[in-house]
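One chain comes next, on its own, written as structure tokens: the form predicted on its own.
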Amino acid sequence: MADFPPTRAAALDRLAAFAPRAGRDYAARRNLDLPGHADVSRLSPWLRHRLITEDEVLAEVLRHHSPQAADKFIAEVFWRTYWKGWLELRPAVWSQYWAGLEAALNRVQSEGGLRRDWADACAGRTGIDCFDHWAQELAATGYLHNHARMWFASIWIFTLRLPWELGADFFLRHLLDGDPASNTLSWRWVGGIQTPGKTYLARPDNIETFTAGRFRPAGLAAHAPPLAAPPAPGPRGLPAPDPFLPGPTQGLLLTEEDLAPDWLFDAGLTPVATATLLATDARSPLATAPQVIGWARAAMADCTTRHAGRLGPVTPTGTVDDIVTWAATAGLSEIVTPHIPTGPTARRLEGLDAALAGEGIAFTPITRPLDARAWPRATHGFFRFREAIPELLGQIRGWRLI
């Protein structure tokens, strides 16, 4: 975790150092996978847990650059928002992934060849030098360059011919920025599922170019036929965001999905008590990497320490029953929480609203304004979503389109 201290202060330092370079420099060099990854922001672990937010990153970058000059970086930030919105509109895709993962893990138990090849891929013992390097880098650091993630996924699927769900699971267990939406949907995209028929093929010359000659792998697949998969369901309608109304006996639920509750305090929330919940261990049926669990735990501690004077007593919880007991003991009439997107945390908290209702306690997730405006637009591909970026930028606090 040395390169990614799990604190908001470290995130702000990283953002301040990177923002002046988010324009032409980033556009020219963002695809280079070089040691240290100095050509990209490396903000993703903090953004994933919202120790800093997309609004803050965009506002800071736009203090230094015009939207046109920073277009490539702005688009990368909105890819994260788009993926989250796309999955929120189609939560069944997460359930499909989870079912596919469990089926693949069952195959691992019964097919010796698959079990060996999967273990070698995870350990970086395939003999494909770049792939093995990336597997070991991920395990050691919890991070990979975005271009390396694409190459890795392509080699996993088309050269090693391993189930894509096992690769997505390997990433989610080891990435400090492991995000259910970005990770799952990116693997689907590489395999030709997300955009039906469109796959991503890792090519030796491309790898050689963008690793500055460090790698030129031999023996990679020359073709990338799309994987078979059921079509994605159509988008559902999202409920209208609940307005936040301050009340006298409200509690706050903090999860690793959003560790920047300042906006709720600014809106008038004065919790009489706070509960915390970490679901990092629920990312997979297998063990999540210790450094990933440790990072999330430390990020939560940073959040509760920074806001200690505004949270009331803080109680760690782990289950729905824990939260109901905490809320009843604290005499709460309502629990407020930043919206919990589709993924492991939401899955762990299934049934919470009904359990609280049985005790006469309201459960009110609050969606951030940028998410509330952006997610309903994720109905089709990114390039249609991208048409809304100027409007979305113009509504970010601290910066106005002129």
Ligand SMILES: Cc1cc2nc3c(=O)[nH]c(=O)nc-3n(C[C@H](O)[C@H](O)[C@H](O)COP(=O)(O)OP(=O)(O)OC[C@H]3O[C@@H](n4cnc5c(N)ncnc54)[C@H](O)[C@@H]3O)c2cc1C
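Predicted model, so just to flag it, every value in this text is computed and none were measured. Each residue number is its position in the shown sequence, starting from 1.
Another form exists, predicted in complex with the named molecule; not displayed. Remarks below refer to it.
The three marked residues, Leu43, Arg149 and Phe171, each reach the named molecule in the predicted complex, with a heavy atom inside 4.5 Å. Looking at 103-111, 176-184, 232-240, 261-269, the stretch with residues near the named molecule in the predicted complex, meaning non-hydrogen atoms within 4.5 angstroms, turns out to be 176-184. Contact with the named molecule in the predicted complex, defined as a heavy atom within 4.5 Å, holds for exactly one of Val324, Leu144, Leu201, Val314, namely Leu144. Of the candidates Trp83, Tyr97, Trp295, Trp134, Trp83 is the one whose heavy atoms come within 4.5 Å of the named molecule in the predicted complex; the others do not. Proximity of Leu352 to the named molecule in the predicted complex falls outside the 4.5 Å heavy atom cutoff.
Residue contact check for Ala153: one or more of its heavy atoms lie within 4.5 Å of the named molecule in the predicted complex. Although the partner is absent here, Ile361 is not a contact residue: none of its heavy atoms lies within 4.5 angstroms of the named molecule in the predicted complex.
Of the heavy atoms in Leu47, some are within 4.5 Å of the named molecule in the predicted complex.
Taking the named molecule as it sits in the predicted complex, the stretch 74-113 comes within 4.5 angstroms of it through a non-hydrogen atom at Glu76, Val77, Trp79, Arg80, Trp83.
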